[in-house]
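Shown here is one chain on its own, the form predicted alone, set out as structure tokens.
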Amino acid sequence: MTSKWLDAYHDPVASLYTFTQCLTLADIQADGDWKLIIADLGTGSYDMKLKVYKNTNLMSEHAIIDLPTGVVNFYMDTLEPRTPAIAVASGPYIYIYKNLRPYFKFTLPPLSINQIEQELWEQAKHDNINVFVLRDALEGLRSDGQLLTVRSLKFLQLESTDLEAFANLHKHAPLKRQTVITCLDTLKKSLADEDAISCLVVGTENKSIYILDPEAFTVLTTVDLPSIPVFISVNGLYDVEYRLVVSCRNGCIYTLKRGSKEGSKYCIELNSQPVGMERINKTIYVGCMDETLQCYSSKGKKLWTIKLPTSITTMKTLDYSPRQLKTLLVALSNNEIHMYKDKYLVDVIKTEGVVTGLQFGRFGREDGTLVMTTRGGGLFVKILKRSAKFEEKDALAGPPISQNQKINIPKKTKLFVDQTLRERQNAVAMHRTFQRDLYLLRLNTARQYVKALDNSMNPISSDPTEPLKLSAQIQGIGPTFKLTVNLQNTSLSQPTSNLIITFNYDDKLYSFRNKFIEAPMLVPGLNYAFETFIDCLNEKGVSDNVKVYVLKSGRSVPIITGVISMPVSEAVAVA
């Protein structure tokens, strides 16, 4: 376990099913004692609740009708005492709680209904159409790519025996088409103070972003996106200047500024689907499904990419004001949380389960508190030690920091400028000269290769019927040398026989004690060594090349040839 954290609370069976977007910390009673608010998804289909923890005790529970998709705390007025409200996004609604009591329910603006669908249900209302004809007509609309209401989609999923009962039950109700909320965040309205009034920023399934007024709960701004938003990061003030960074399901990140009505202008295209996005200062950190952590500038320029050991489950920014520390927490599926400062891994936190929810901030009266929820339903709380230090270097072995520093490039000299000018003026002639020399080099190389094949000067046989490999070693300092010839049959199954090893040399310089060696049958894959001794006859320190021929009975051309550069005889040189 890392030594930079203290274990404050440990409950592996808290039975919490939640994610990072459904966790928040807030001083909801304005008493300086910050509470933990969790939107619990229950079983995924029922028993959804909003839970409030005071320290480690469950303070209150509130039932939620639909699955929650986000929880934030914000200030909606200037009344004293300064108590924040809690906004819970669930389905097409935002439930506002004040002092832990239901305060207001905001409903997303309804979407336009297809005119033909409206007319079909009107006919069904007055019993002017058969349910089977209604089903076929709605199926035709869906096949044409028309967006239908939830009622029509459920109607198309029913069996033929249930159509009549469903139509009679719902045909008198007004037809509505609503979207659902996918992500939720807050935007300061006119002041940057911690307790200033904030607007709600809502991402929806119909590819839109809504900015809501915190007092009247009306839509201030609507922005259309090319795809469905899943993660949103907010910066700035609504009345002055703001920027929204939105990650969408199409694998793209869009940047929205004040006054923009559509988000396709500033776009970052990812190689894989995003599973988490955080913004620290002017850099955007994105965790992707291909097990990479990527960093981009605010203008969309890719800064770096880190390959992670396993897949990412969630991400969260660690903002510790007393130490002016801002780092990125990345939870992985191998029961670890990696902490990154810029691109450097500064800490690794071991956990007892796969973390799916992260929240860092003030909890109770402690500023540096990390709250974690796991896939198994556990709740864990850690406190950052006041003595903890995070050095800006990688915790794992790797290249030094100096490798990332820019090199001071010297100024351009007059000689460099003159050479550049000459290359520009004579670019065509220089290119043609280079191409001609390159072709001559290739031609000479091909000629020498053909000559080597014709004379069998290659140490590896080019004859497919006799696949051999030759190598030779010289040992000794003179005047007597030991020559070892290694011969290997590189065939997979065919043995080789009737081979002879002989030598070509200057008889005025060298004398071979064994000039003619008969090789036995060579079994494939085995290495055979043949030895002979060479006596140097020259006393003037002269050396020459010795050629080794591997011959086969009945053939005049060697199968393979090796050239040995003989060393100078040390004994003769001394004499």
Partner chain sequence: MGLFDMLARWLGVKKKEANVLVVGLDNSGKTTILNQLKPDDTKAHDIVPTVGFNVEKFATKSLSFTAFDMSGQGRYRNLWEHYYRECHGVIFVVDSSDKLRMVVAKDELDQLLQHPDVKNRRIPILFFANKMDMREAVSSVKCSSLMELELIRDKPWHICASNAMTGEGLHEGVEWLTDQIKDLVDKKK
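If you're wondering where the values come from, they're calculated on a predicted model, not measured in any experiment. Positions refer to the first chain, counted from 1.
Not on display, but discussed next: the form predicted in complex with the partner chain.
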Residue contact check: residue 363 to the partner chain in the predicted bound form, 4.5 Å heavy atom: yes
Verify the contact flag for residue 56: yes if a non-hydrogen atom of it lies within 4.5 Å of a non-hydrogen atom of the partner chain in the predicted bound form, no if not. yes
Check residue 387 for me: does it contact the partner chain in the predicted bound form (non-hydrogen atoms, 4.5 angstroms)? yes
The partner chain contact in the predicted bound form: residue 245, any heavy atom under 4.5 Å: no
Only one of 40 to 48, 503 to 511, 56 to 64, 545 to 553 gets a heavy atom within 4.5 Å of the partner chain in the predicted bound form; which is it? 56 to 64
Exactly one residue in 85, 232, 312, 381 has a non-hydrogen atom within 4.5 Å of the partner chain in the predicted bound form; which is it? 381
